[in-house]
Structure formats: structure tokens, C-alpha cells
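You are given C-alpha cells for the same protein chain in two forms, set apart as structure 1 and structure 2.
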Structure 1
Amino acid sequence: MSIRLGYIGLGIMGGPMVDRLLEAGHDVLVWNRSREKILPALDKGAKEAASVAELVSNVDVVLMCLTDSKAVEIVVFGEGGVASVGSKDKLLVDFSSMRPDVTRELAARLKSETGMGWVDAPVSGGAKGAVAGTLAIMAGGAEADIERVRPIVEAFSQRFTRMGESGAGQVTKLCNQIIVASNVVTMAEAVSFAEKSGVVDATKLAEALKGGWADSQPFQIMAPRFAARNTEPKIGAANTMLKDLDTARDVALENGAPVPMAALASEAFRKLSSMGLGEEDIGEIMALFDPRDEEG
């Protein structure tokens, strides 16, 4: 008997993930707080659940991607939520990003109230990765649970890695954010340093260092953007990055892990936020080193 699937939260990430599941031949029961978001999926063959409880009652595995832990808590433990009909043979896979400790609390509570398992599985790769089905997913939870959903997740993910028990997926996502944020700040300072020190056209940096140890996807995208003082492409809001970095610092503090580079990067993003640019893209970090419309 095939696994019956439900998906809650058909937003920028969840929508394309459902599309990939349907393309892979899965039956998917869907629910979203604002109903219009499920209409494209219904056109493609998804079935509608009238409520979260109805969805959970009729499936074996509940997939979910929501904005934040607040939304997750409401959907799982609110009236008529996942917990109201959960049972030990069902499994929740949560692709939302949130604090590892909050994930652990929610997962433990669902387990104790219903016996239902919880896999935290935050994703990397953005909307583009969801559409292409190439998401990297970092999972925390029981090994059996993770292996049970692996064939399903492969519909939209090229990498689904178990990192440890509950919360370990969220920790890994924070690692990702630490590295990306620190690198983005470093690249902005490197571009500014180059310009002020005699490199005439810093847009050439990405080409000059391509394929070497300084290179990375963000370097190829952000270094030319910084050098040209462009505002494209947009990656994500600076305040979202700041929130992730502050979460990482909190978690690091609780666990006695020194994170000096992440701490400094977070202060750079906090300065950006204090300049009124927090809702702008992370690429605006260049404003700390060399504002647009100013000679380098």
C-alpha cells in the first residue's frame, strides 16, 4: 500500500514542492490557510482537505512548510490542528525554518500527546530550488522516520541528509546561515578593499578568482553586484538574515560554542537594520563599506 500524503502550506516553497510530488505520481491532499493558494495544485490533480484535521485524518505522512514557529504551533496545536487527530502511525515532516529548541519542544509535545513522529527538515536552495526539485534538505529526527519519507522527499530534493535527532536539521540550517552571512559580509568588504586599493574595475574580481578557493556561488553573484552597486539579484531580506544570525548566537550561547565570525556578521546586519535598510536585500550590506552614488 502506498503512503498517503498531505501537504500543509502551499506558499513560495510548498507550492512547487506539491507540483513535484504530483508530477512524481503521488496523490496529495492539500490545505492552506488562504484557500486561493491551493487552486493551482487542485488544477494539477491535488485533492482538497476542508481542514487540517480532515487532512491529517486521511493521510499517513503530513508534509508542511510554514512561515515561522508561530504558524507551525497554531497549525499543529491549535483547535482542529494536527495534534487533534494525530496518532503514532502518522508522521509530520516540517520543512519550516525555526529555532532548534522550539522544534524540539514542539516535536516532543506532539509525540507525548499523540505518539506522532516529527522530522525537522529545513531546506536550502530557495524558491528556485523548489521549482527545479533540487532542494537540499537537512533533517533531524528518528532514522526510521527519515528513511520512511526519503522516497517521497526525493521528488523535490537532490539531497536529504539526516544530521541527528530532533532539531539537528534546524541546527544545520543555522550553520548554513552562519557561513553564508559571514561570507557575504566578507565579500562586500573585499570588494571595497579592492576598489580603494587600486583595482580599477572590481566587477572583474569574480572572473579573476573563479574556480579558486575564494570562489563560491554567492561570490559569483554578489561580488559583481557589490562592485556595480547594483540592487539585483535579490536574495532575501537583511532582517531575516539578522534574525537567523541572532538565533544562531542564542543557540551557540546555550551550548557554549564560540561564534566570533557569525557574531561580527550579525552586527554588520544590525547596523544595516539601524540604517533603515533591514527590509532591503542582504546585498545592501555593501552600503556599510561603500554607499551607492559615492566614489570608492
Structure 2
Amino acid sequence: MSIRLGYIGLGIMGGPMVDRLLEAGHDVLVWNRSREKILPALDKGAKEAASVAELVSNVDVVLMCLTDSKAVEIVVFGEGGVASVGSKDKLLVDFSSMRPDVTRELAARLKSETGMGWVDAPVSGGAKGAVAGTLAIMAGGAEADIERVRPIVEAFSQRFTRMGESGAGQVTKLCNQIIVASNVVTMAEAVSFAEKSGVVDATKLAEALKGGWADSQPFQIMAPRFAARNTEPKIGAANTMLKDLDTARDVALENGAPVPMAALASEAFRKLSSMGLGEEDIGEIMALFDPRDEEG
């Protein structure tokens, strides 16, 4: 018997993920707070649920990608939410990014109230990866639950790795953000250094360092953008990165884990936010290194 799927939250990430599920031959029942966001999926064969409760009642696995922990808590435990019709034979897979302790608390509550399992499965790869089906997904939860949904998740991911029990997926996503944010600041610093130290065209840094130890996929994408002061199309907001870094620092403090690079990166993004650029693309990090900012 095929697993019946429901998807809640068809935003920038959820929409392409549903598209990939449909292309793989899955039947998908969908719901989104703003109905217009599900219309493209309906055109491609998805079915619409009138409410969260209706969706959960008619599926085996609920997939979900929401903006933050507040939205997750409302959808799961609010009136007519997931928990109102959840049962031990059903499973929730949450692709949202939030604090590990909040994930553990919500997962334990859902299990206690309904018997329903929870897999935290934040993703890396952005909207481009969702469209291409190449997301890297880091999961926390019971091994049996993760294996149950592995064939489903493979429709939009290239890696789906169990990192431990509940919350471990969220911790791993924070590791991802520490590395990415530190790299962003370091790449901006290197571009600025090159520009001020005799390199005629800093956009060629990626070409010059390709294949060496300094090379990486983010470097190939971001270094030329930084050098050209190009922030379109938008990769991600600076404030989003700052939020994740602050969460990482909080978790690190609780667990006695030194995070000096995360601390430095967070202060750089905090400065960017104080300059009114927090909702702009992370490429605005170059504003911290431009001569006009030093003079102003």
C-alpha cells in the first residue's frame, strides 16, 4: 500500500518540494494558510485539503515547512491543528528550521498527546536545491521513523542523513549555518583585501583559486557576486543568518561549546542589520568593507 502524503506550507521551499513529489508519482494533499500559494501545485495534480485537520485525517505522513517555531506550534497544536486528529500510526516530518530545544519540546508533546512521531529535518540547498531535487537534509528522530520516510524524501534530496534523536537535525543545521556565515564574512574580507592590494579584477578570484584548498561551491558562487557588488537574485537575508547564529551561540552557551567564529560572524551580520541592510541579500556584507562606509 502506498503512503498517503500531506504537505503543509507551500512557500519558497515547500512549493518545489511538492512539485518533485508529484513528478515522482506521489499523490499529495496540500494546505497553506494563504491559498494562492497552493494553486500551482493544484494545477500539477495535487489535491486540496480544506483545513489542517482534514489533511492530517486523510494521510499517513504529514510533511511541513513553515517560517518559524511560532508558526509550527500554531499549526500543530492550535485549534484544528495536527494534534487534534493525530494518532500513533501517523508521522510528522518538519523541514522548518528552529531551536533544537523547541523541537524536542514540541515533538515530546505531540508524542505524549497523540502517539504521533516527529522527525525534525531542516534542509540546506535553498530554493534552487529544492527545484533541482538536490537538497541536503539532516534529520533527528527515531531511526524507524526516518527510514519510513526515506523513499519519500529522496524525491527532492540528494542526502538524507540521520544525525541522532529529536533535535539533532536542528543542531546539524546550526552547524551548517556556522560554517556558511563564517565563510561569507571571510570571502567578503578576501575580496576586499584583493581589491585594495593590487588585484585588478577581484571577480577573477574564483577562477584563480578553483581546485585549491580555498575553493568551494559557495566561493565559486559568492566571490564573483561580492566583487561585482551584485545582490540579485537574492540568496538569503542577512537577518535570517543573524537569527541562526544567535541561536547557535545560545545553544553553545548552554552546552559549554566554544564558538569563536560564529561569534565573530554574528557581530558582522549584526552590524549589517544596524545599517538597515538586515532584510537585504547577504551580499550586502561588502558594505562593511567599502571605503565609503569607513569614511561615513
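For clarity, a rigid core is taken as the largest C-alpha set superposing within 1.5 Å between two forms. Numbering for residues begins at 1 and runs along the sequence of structure 1. As the structure is a computational prediction, the values presented were derived from the model and not from experiment.
Of the two forms shown, the one predicted on its own is structure 2, not structure 1. When the rigid core is held fixed, the Cα atom of A155 travels less than 2 angstroms between structure 1 and structure 2. Annotation for S197: C-alpha shift of 2 angstroms or more between structure 1 and structure 2, rigid core superposed.
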